[in-house]
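Two forms of the same protein chain are encoded below as structure tokens; each is given separately, as structure 1 and structure 2.
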Structure 1
């Protein structure tokens, strides 16, 4: 009887609030019971329940009273985990006084493979893994935000999504929103365009855990940075967990506002270091086991994985892609994976991996190009004829190697990472106005990469 009453009220509300609002907020609700003066509904999440209670409570009561029920309040319970959690963002909360935004604000979809059990831990990433595990346990927020940074293919996104999966599985009532910085910016611009900025603010300030990937993309976008800053502060004030990733440390992100950089460094900042041989081999072994299941038990000669771990050191994604290519090729021709097959099938990847520029090589080439002594470049002299080539070498070291700023600083006579950052930014600025310097750098880049 209660379910039938609720079904009728739901239909009435559909006509009043519109199809889109009904689909987002009313349709997901399930009637548990109507008991005395209380209507008990089950909502898929606390966020949805709270929004309905704030915005549709009086309408629901009015319909109940017209149907002969003396209900005076609506209570909510919260349902179990969804069958397929992509993440976990409801529709943008529309106000009743105007039309909803054009489409639902969804977070980025989660990849089912990017869970903790599929993350290979080694010395370069063990601290980041431990911090991510701690956040995924939920409970009291111990460091906020957690800021993960590192180069391409080192595992930032894997750890971000693993946290989201773990929280969704263990605490489905939490509203966990995972998205890229570009998605944040796009949705903010959309809200401005549609004059629904308060809806945007309500959503992002109502989540329990906010996860933003590749935050460097909002640098230089003044309005987006402003909104991100206020969202960040609002969530921290509510003791809500924030997890951020970027390709570099907060203080190294060019055009990121100082106040945002400062706030991002208030929590735990963790660097995912470039992989070492042992970690790459472990990743290959794990992936080989998975691919073998998918491709029907293809055999791999001894030494193949070790060879790949030695030769492809720049990027884990390239490493995994190379292994998958070998399995696909082996499956097509019906042969086991041998070292000869590796040389033939991966010739393009191996050629590009052969040429790995080092900081020391950059220093030698730049010193030779500008006709200065290498010892002067590494020493304390600050004359223009020495300082400018030194800054160029710093810039190229940042651009062409995977070394962090502190590591580059150590190779430039033990200089502080802030000195390296200053040199890099100085060259970036000068390239915009000094055509000769820009040409010099492009020539040096070609010489080093040839």
Structure 2
């Protein structure tokens, strides 16, 4: 019964992810069982399991939920089937269990959802988006590499895959290779083991566009770094476009060789800033529309979206997971998504995303940064040198904590909420034209969030 359900889902996934992705990632999976809320799959290797988990987890869940299963999680086991005859599915031939890396120039599978049309642009990511767009036009190489960096779940992988899709569509003759640094290493080690290092080199040097995701992964892995460096240089010399992502700026990646880090900075380095409220709301609206389509038109209150955008800061992946869970839950119980449901259904996520920064910390840091006294920040003085930092602190309190305006007002020496609102608006407005102020705020934000 479980095996049949899985076979059905596997078929549907084939249509969604395409034949070759299906062959590489979905077909090798074997269903062990479905119990109350867990689907257990066996993957031929941890590598494949991790890939599927990262890239297809939500899709698999959505299908299960649609076919009436209350599953909330997919677990993977690795390696050959255990000797339990009741759970072994005969349909998986042993030869299938080879890792898909054996295929010649196959990169990681691209996720059909990660296209430009699904990427919501806001102030925190507009530069990165513009740069990615430029690369995706595939014209003359103007900056090499494009180096995208930023925290987890801010859209690095999304932008890279969007570039790959776009190039594939507009110039199918181009060899575009997208893979994670982890896969790069995996292939490299495999080539060393199989004594096929020349093949490896030729392969990587023959691509037109190389995209390596999460490059921080190879830091400290000496021979992989070395090989990456040579690949990188060879491609740059041939004027082939390279796109790299990492979780931090090149110079800040620990144990990355200095010559590599300086090479990586030769092109255009852009960062994805932490999301702000407006961007989160925009993303939620877009995703809610998409979910609503695949869940047969379930309605979600705008208030729910606003609540989520407010409470779940910064990581878009978690935001998306929360929404996914709400839709799955709502389709199970056949009710609209309401704020009450949010509290019940997402209590774990809401707890763990409670922001740790306090208004007091913000006041202290901002006062220190602008070299003013904390007592002045809270006191009545209205000179510009005091009032401006005070407004910045109000603004950051609104952005980084979940305190309401009256609550913030109380912490600013008992000010009225309209005063806080005025301060917040003022800073929002000034940020647009005053680049110094804008940079100060970004720096402070980072200090506070780290």
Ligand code: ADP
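From a predicted model like this one, the values you see are computed outputs, not experimental measurements. C-alpha atoms forming the largest set that superposes within 1.5 Å between two forms make up the rigid core. Numbering follows the first chain given and starts at 1.
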Mark the structure, either 1 or 2, that is the form predicted in complex with adenosine-5'-diphosphate (ADP).
-> 2
Large Cα shift (2 Å or above) at residue 238 between the two structures, core-fitted | no
Large Cα shift (2 Å or above) at residue 170 between the two structures, core-fitted | no
Take the rigid core as the frame of reference and indicate whether the C-alpha of residue 260 shifts by 2 Å or more between the two structures.
-> no
Core superposition result - C-alpha of residue 421, shift between the two structures, Å | 34.9
